[in-house]
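Given next are two forms of a protein chain, the same chain in both, each as structure tokens and marked structure 1 or structure 2.
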Structure 1
Amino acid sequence: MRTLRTRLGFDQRELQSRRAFFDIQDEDLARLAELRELALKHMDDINEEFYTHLLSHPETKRFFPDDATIRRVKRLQREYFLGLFEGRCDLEYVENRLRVGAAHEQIGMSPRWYIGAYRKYLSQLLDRFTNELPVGEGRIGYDSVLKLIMFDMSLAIDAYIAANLETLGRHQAAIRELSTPVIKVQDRILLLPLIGAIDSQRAQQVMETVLLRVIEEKAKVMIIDIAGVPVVDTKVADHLMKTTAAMRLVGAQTILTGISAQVARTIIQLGVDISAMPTLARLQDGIELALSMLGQQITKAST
């Protein structure tokens, strides 16, 4: 499985520059490692308080439907917490932090809530540090932890956005598939009403879907209705002709319908020759033509 890190293109160089921007020095990491003992001492009470906070707000409470979930996330939370005091901030650390963002996207928790949760953590740490450390040390230690938590936050948000984009991409793919609805008009006659712009991805998809369906249905005629296509330029025309040629290879004829007067004239002015396929203005005429074509074929075959 590819790591989140590589998927986001987060390499050693990115790590260096981001650490520099967040001002995370080796001294910060060393200091945090020294604070590990204090952190361990307070881990449980900090975590308890943290969850009391999350569970007392309906917006976050809904993410913890049962005790088993709460136990599981508490364990993850302890790991996260201790991770802050390990004195490291390398690529493996980054991967771990990116997962936090991706996990939140998966359960649908948006950044505003977990940014609020980070805030809670920081308050709690500030409280423990000021109570238990000499003044100067507490302040410096808090600054180091602040840097690392802000760094974590930036990673979680990166991962959240990336995961969100991926989700969107999947939806688009689904929509694209849905927008190639091949309809069976009658035995051996299929209809594809094309709607919207035909970009190269969509053109590819149309071709594949149509071919598959024609073979599946053993169709003889494929009607492509382009009434819903906003512009028929040379690229779209080329695509339609290629689809027609492919149809012929699998034994089906193509009829093009839904061509308005404007589109017809524009195609002619462009100099595109689409005479290889019968074209008609109205879909009904296309269906009639398809029926008559089949009729002829049947009579031919029976003589």
Structure 2
Amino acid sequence: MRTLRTRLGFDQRELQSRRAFFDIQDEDLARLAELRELALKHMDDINEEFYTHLLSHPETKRFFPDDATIRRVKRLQREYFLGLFEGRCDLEYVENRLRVGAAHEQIGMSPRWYIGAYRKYLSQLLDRFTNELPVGEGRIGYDSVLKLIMFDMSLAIDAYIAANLETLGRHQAAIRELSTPVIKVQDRILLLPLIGAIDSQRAQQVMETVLLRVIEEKAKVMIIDIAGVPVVDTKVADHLMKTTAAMRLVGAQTILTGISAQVARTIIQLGVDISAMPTLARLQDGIELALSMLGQQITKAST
């Protein structure tokens, strides 16, 4: 199973490039490791102040609905905080930080909130470094942790964007699937009721969907009902003809239903030749024709 880091293409070369950009030197990491005792000393106080801030704001409080959630995220936050002072910035560290951004996307926390949360972290660290370290050491130590936190922030945003794009992709795929619902009418007969406008992207989706279902179901007839398509122009007609041609290539015939008087006039006026497929006004007639093509008929229930 690929890690989040590998899915984002984050390798050793990218690590070195980003470390160079953020000016994270080995000396910075060594300095942070030396500050670990100071971090441990103030970890709980910083954590409490951090969550007091988040829970005081209505927009961020909603991400922590109960005490169990708060206890869990506080534990994770302590682990994150101590990770800043481990003295390393390798690919394992990157993977951990990328998961932070992905987790934020999963719970719906947008970047504006965790960027603000990082600000709170930096403010608290600056206070501790200023109060407990000599002036020169405090400034240098703060600069080192600032570099690493900015590095972390860039990773979190990268992961958030990638996860968000994946989520959008899944939603769009679901919407496309709903917009091209292929229904099995009977063995080897399928129905595609089209509703709404048909552009080039949707037309391609229609063709891919019907071809796949025809092959899966070993269908011989595909009924395409366009009663719900508001405008039938040359583009729509062209898409229908291409779909019909594709159907023939996989051994299926197409029946076009839902032809209203207005649509019929439009097709004639446009000079579009759709004689390659049977066309009918009513879906019921299309179903009966499809059954007759396969030597079947509608069986009426006895009374």
Partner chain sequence: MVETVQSWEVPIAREDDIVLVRRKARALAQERGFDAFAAAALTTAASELARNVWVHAGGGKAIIEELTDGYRTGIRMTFVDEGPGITDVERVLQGGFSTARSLGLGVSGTRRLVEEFDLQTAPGRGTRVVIVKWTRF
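Every residue number counts along structure 1's sequence, beginning with 1. No experiment lies behind these values; they were computed from the predicted model shown. Here the rigid core means the biggest group of C-alpha atoms that line up within 1.5 Å when the two forms are laid on top of each other.
Two forms of the same chain here; which is the form predicted in complex with the partner chain? Structure 1, not 2.
Does Arg188 show a Cα shift reaching 2 Å between structure 1 and structure 2 after rigid-core superposition? Yes, shifts by 2 Å or more.
Asp225: with the rigid core matched between structure 1 and structure 2, does its Cα shift 2 Å or more? Superposed on the core, Asp225 moves its C-alpha 2 Å or more between structure 1 and structure 2.
Relative to the superposed rigid core, does the CA atom of Asp45 travel 2 Å or more between structure 1 and structure 2? Shift of 2 Å or more: no.
Could the core-superposed CA displacement of Lys242 between structure 1 and structure 2 be given in angstrom, to one decimal? Here the C-alpha difference is 8.0 Å.
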